[in-house]
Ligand SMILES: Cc1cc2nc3c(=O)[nH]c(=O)nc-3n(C[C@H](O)[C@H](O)[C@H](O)COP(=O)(O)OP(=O)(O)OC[C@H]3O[C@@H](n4cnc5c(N)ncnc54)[C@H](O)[C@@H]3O)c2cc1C
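In structure tokens, the next block holds one chain alone, the form predicted on its own.
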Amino acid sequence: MTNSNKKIAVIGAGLTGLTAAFYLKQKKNSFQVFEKESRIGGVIQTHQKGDFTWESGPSTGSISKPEVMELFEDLKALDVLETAKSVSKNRYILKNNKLHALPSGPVSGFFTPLFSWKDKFGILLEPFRAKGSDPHENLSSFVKRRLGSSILDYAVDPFVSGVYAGSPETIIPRYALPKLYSLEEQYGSFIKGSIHKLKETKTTREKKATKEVFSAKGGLSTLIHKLEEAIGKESIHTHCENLEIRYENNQYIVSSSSTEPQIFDQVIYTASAKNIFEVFPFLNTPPYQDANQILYTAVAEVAVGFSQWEAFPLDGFGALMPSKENRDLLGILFMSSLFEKRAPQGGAMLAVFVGGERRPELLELSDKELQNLVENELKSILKIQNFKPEIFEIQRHFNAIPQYDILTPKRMAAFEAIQNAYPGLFLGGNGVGGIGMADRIKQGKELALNILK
């Protein structure tokens, strides 16, 4: 498959754009990548100091789609793929200032103090509950209706805080959790649908989606470096501030403050939906006005590293804080328990998250105030007696995670209308198609293959 007679511009050198560029290169197509920042990788950035390694963007991904494994295979980079240790299956939820393991099966679910007895027994009735009728029902209503309030409060709410830094009242399952939504739509029940899915025979390709938690040896920037090597630095332009695209005579003219205007036949856009009219001023017209309608949550990510760990055993993926507990943290990831060489032997590396839709004002605190907040919370939650970290690094993300809320269908419809009106223009980015690393890789590959059809 090749499109060698046409020139393609890829806008954005985050994971989506780099994946798209890699598959264009693999098919021997002519393309250029344009990135406004001084480096590639988007929010993915790994840091190292001494024996500590940490991320200031995404910390982990999930091999939830076969495209993840295929990317590592196609890059010939299986040797740098790192899957999390088995303790990653343990997830902790805070209740009454004590961490409890999230149930992993019927027995632990029956005895857990996280859920009420009413909801534990009520799960038996879930297959017989009526199907919802509102396609835009929020996640809070969706879960209460099918599973009960305590499961919403102490399983789903902390999950949404941990993944989206958002709220179940904002998230719409149809767009944010389509697989969960489809279980009710197709089978009328989570339990019936899950049983049916377990019985389905998976293809060889589907089996590549192992659902394992993954990173890369040395951190996620290793994957970015592998993509850069495969694409070729000569095809990637950074520092492309004030990037603007004009549409003339069925072609796209790309210019920026650091590059001369270039003409392209096709464009793949993978940057934020929020900035789409800045890049494509000709699209800022009434038929497409919802294309930039997107809500982002603000999150502070704090890396905390200890050379010696003498506190709560870090035998899990991490700990999440339900809204009901009124804590100042969203969650804590036990990074040194998941992957090798993230902290010295006997030490620990934590990724701590603050803010989100729940407490955006906390990002306005000074570094010292934020440090005091994190210290007090970690001491309380993880029972740390001697708080003397060697690493304490704060990264504020004011446009961290897009919310798949009631704006989403309008945004999706606008994207589709634009692509129908402008041949050769393909739109992606985390405003459509999901927020996870697997979603970004899948979309990047699909954008490249679709543009070549």
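Residue positions are given as counts along the sequence shown, with the first one as 1. The structure displayed is predicted, hence computed values, not measured ones.
Beyond what is shown, the protein has a form predicted together with the named molecule; the following relates to that form.
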**Asked** So which stretch, 417-425, 24-32, 381-389, 399-407, is the one near the named molecule in the predicted complex (non-hydrogen atoms, 4.5 Å)?
**Response** 399-407
**Message:** If we define contact as a non-hydrogen atom of the residue within 4.5 angstroms of the partner, is K36 a contact of the named molecule in the predicted complex?
**Reply:** yes
**Request:** Indicate whether the named molecule has at least one heavy atom within 4.5 Å of a heavy atom of P66 in the predicted complex.
**Result:** no
**Asked** Is S258 one of the residues lying within 4.5 Å of the named molecule in the predicted complex, judged by heavy atom distances?
**Response** no
**Message:** My question is simply whether T60 lines the interface with the named molecule in the predicted complex - judged by any non-hydrogen atom within 4.5 Å.
**Reply:** yes
**Request:** Identify which of E184, E301, E228, D119 has a heavy atom within 4.5 Å of the named molecule in the predicted complex; exactly one of them does.
**Result:** E301
**Item:** Heavy atom within 4.5 Å of the named molecule in the predicted complex - residue from A271, A319, L314, A155
**Value:** A271
**Asked** Using a 4.5 Å heavy atom cut-off, are I171, I332 and G355 all in contact with the named molecule in the predicted complex?
**Response** no
**Message:** Only counting heavy atoms and a 4.5 Å limit, does any residue of 206-224 reach the named molecule in the predicted complex, and if so which ones?
**Reply:** none
